[in-house]
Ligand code: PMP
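First comes one chain, alone, set out as structure tokens in the form predicted alone.
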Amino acid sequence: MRKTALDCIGDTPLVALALARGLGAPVLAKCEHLNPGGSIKDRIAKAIVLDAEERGLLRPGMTLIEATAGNTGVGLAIVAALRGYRLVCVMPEKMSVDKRRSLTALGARVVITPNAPPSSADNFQQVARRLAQENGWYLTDQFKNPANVAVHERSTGREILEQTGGRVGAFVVGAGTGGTLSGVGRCLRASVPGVKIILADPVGSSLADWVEHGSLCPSAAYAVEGIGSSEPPANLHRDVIDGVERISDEESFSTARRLIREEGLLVGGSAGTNVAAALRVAARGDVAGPVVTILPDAWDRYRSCAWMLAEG
């Protein structure tokens, strides 16, 4: 049977990290950067579009629009090319030049917005919503679309269970839309008694305080891309989360460089956030099994970033 790039999404490998040697538990990293579009967002791009087609909301020739840090846009561009849609991606200006170039090369129209908070009319999500309404475009809405959480529950989570033989002590991951943490977390909780679900949050994001206290602290600037927020997205389900680890930009980027240089894993900055948090959890030695985390995307979209070329 003829396969397309969409058939190659998922079933990514799970690798043991040498960085965790000597800690209280092994750390296993799921290589989502090996998806066709280079990120875990391929999964939700495919799921959201196919779900909309099944519900009769899309037909060939229509335009998709999404507010994206870049990765969901790449996944949607692949789906759009194969399913006959046009694509508009709305991105905050903090996102790397590499991501903008990749989306343009894939045929997407890219709209850049200021780094504005969610309440601002200039916020990338607000702009995408407004453009969808004004032009009659289909908003794929990764931050609210339940297909996001559902695909991670039925695919990413199930793959982790199969790859670990059902033995997982903790699952540690950052939250952009919240879909990975919520979907995988629900899957693991249903099958693994005592598993801990931990949010890895950039220092400067407000999500950690929201998880711990139910309220939001003032947010601050941080450089790591695609995770964290000044307010929780609808797809981040607080009831799934057992704890948080706050990770600075410095620790995120130094860990990402170690993954590249010592593990041969060609990943981006948020992989550093996730692994740094997973290493902390493993070092405590209070989980009954391996600590599993996600390598969300590939290094090719960060080659112009200063952190990639820094020493150490």
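We number the residues from 1 along the sequence you see. Note that the coordinates shown come from a computational prediction; the quantities given were computed from them, not determined experimentally.
Below, we turn to the form predicted in complex with the named molecule, even though it does not appear here.
Just one listed stretch, out of 175 to 183, 110 to 118, 211 to 219, 129 to 137, contacts the named molecule in the model of the complex at the 4.5 Å heavy atom level, and that stretch is 175 to 183. Contact with the named molecule in the model of the complex, defined as a heavy atom within 4.5 Å, is made by all three of 152, 227 and 296. Residues of 103 to 134 are not found to place any heavy atom within 4.5 Å of the named molecule in the model of the complex.
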